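Just one chain is shown here, as C-alpha cells, and it is the form predicted alone.
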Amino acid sequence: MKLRRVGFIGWRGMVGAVLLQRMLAEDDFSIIEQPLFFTTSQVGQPAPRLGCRQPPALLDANDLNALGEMEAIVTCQGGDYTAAVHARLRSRGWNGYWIDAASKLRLASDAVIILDPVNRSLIEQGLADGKKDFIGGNCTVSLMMMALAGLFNADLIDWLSVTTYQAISGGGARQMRELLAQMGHVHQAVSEMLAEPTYSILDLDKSATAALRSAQLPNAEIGFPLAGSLLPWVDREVAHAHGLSREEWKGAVEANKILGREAAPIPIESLCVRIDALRCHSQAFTIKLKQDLPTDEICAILAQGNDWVSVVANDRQQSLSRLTPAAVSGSLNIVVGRLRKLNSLTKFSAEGGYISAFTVGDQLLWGAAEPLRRMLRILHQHDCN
C-alpha cells in the first residue's frame, strides 16, 4: 500500500536537492501515490519532474488547508519555517507525519531523532507510541554516530572528546558559493606571480595573505576569510555555557537522545571548526573505552557497526588516499581510520582503553538527506504492516 499524499517543502536548497536526487536514485517516489511540492515564493509554477511523472503545479507552503491534506510532510525549509507552521498545523488537528531536517523540534519530548542504522528500534517504538514528528539529527552528530555505531551499540564508550573539521556546505549553498569566490579572489591576486617561477614563495605568500585580508574579499555570507584558512567557531554561542557553541552543545545532547540515553548520558565534549573543504565533515576522536581491547578487535567492532562504515588501515598511503573529503564526497561511505592505542594516556590509568580515531563522511547524505528518505520507507513499511 502506497503512502497517499506526501508534501515536500524546501526541495530547492542544498539538502532538499540532495534529498530529491537520492529519492530518484532509490525509486522512493514509487511508494508515494501523489507527491506534491510546496513553495514559499513560486506558487503555480511547474513542480520538478520525477522521471516520467509530472506532479501538479507548486502549492503554497503557507496554506494550512493544503498542508492539512498531506499524510506526511517532508521539509528542508529550515527552522524558521518549522516554527511558523508546525504548531499551527497541529493545533488545527492535523495528525500526519512531520519529517524535518531542521533542528527546531529535535529535542521535543514527543519527537524522535531519526538515524535508523543506529536507532531503528527507537524509531519503531516511536511509531508504536503514536509519535508523529521524526526529525533529522545534526549533521556532525549523525556522522559521528554512524562512524562509531559499533562501539556505541556494544556500550563500550566511557567518554569521548571530538574535534570536528566541518565543510562549508554545512552552512548552505550561498556560503559554498562564497568560499569558491574567495578561492578565485586569492588566485586572481597571485596568478601572474604563479606563472613566473622566479617569484619568491615569500612574495607569493605575502600577496595571498593580503588578498585574504583585503576589503574586496567576498565575505557577505561567511563573514570572514575561509579560503586557505579555518574558523574555530561554528554556530552561535550557548548562553551561560562558558564559551560553548551551539554546534558543540549538540554533540552530547543529540547523540544521547539518538541512543535513548538521556537518563544516563555518555560524556561527549566537542570543539567544532569550519574548514575550507566544500563537502564532507571530518572528525578526530579521543575515546576512553570501558575495556582495554586489542586494536584488531576494535577495528572489527567498528566495521560491523552498519553496512556503510569501513575501516581504513592506519598507514600513510591508505589514510591519504581514502580518509579525506576528496575521496569520500558524494558517497554514502563512512570511513574510519587512524585507529591506535594512546599509550601516553594509559600510564595515567591502570584501566587503559584510550584510543584515537579519525572519520570522514558526507554531511549532505547521512548527515542530512539520507535519514529523511529512509524515514519515508519506514513509514511505508509501517503502514503495510
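From a predicted model like this one, the values you see are computed outputs, not experimental measurements. For every residue, the number given is its place in the sequence shown, counted from 1.
The form predicted in complex with a small molecule exists for this protein as well; it is not shown, and the discussion that follows is about that form.
K.L.:
Please run the contact check for V234 against the small molecule in the predicted bound form: heavy atoms, 4.5 angstroms, yes or no?
P.N.:
Taking the distances in the predicted bound form, the answer for V234 is yes, it comes within 4.5 Å of the small molecule.
K.L.:
Would D100 count as touching the small molecule in the predicted bound form under a 4.5 Å heavy atom rule?
P.N.:
So D100 does not count as contacting the small molecule.
K.L.:
Closest heavy atom of A147 to the small molecule in the predicted bound form, within 4.5 Å or not?
P.N.:
The answer is no: A147 has no heavy atom within 4.5 Å of the small molecule.
K.L.:
May I ask you to check whether V118 falls inside a 4.5 Å heavy atom distance of the small molecule in the predicted bound form?
P.N.:
No, V118 is distant from the partner.
K.L.:
Please identify, from 213-221, 302-310, 135-143, 289-297, the stretch that has a heavy atom within 4.5 Å of the small molecule in the predicted bound form.
P.N.:
Of the options, only 135-143 has residues within 4.5 Å of the partner.
K.L.:
Quick check on this chain: which one of Q77, S270, Q182, Q166 has a heavy atom within 4.5 Å of the small molecule in the predicted bound form?
P.N.:
Among Q77, S270, Q182, Q166, a heavy atom within 4.5 Å of the small molecule in the predicted bound form occurs only for Q166.
K.L.:
Select from the listed residues G171, P225, G126, G96 the one whose heavy atoms reach within 4.5 Å of the small molecule in the predicted bound form.
P.N.:
None of the others qualify; the residue that does is G171.
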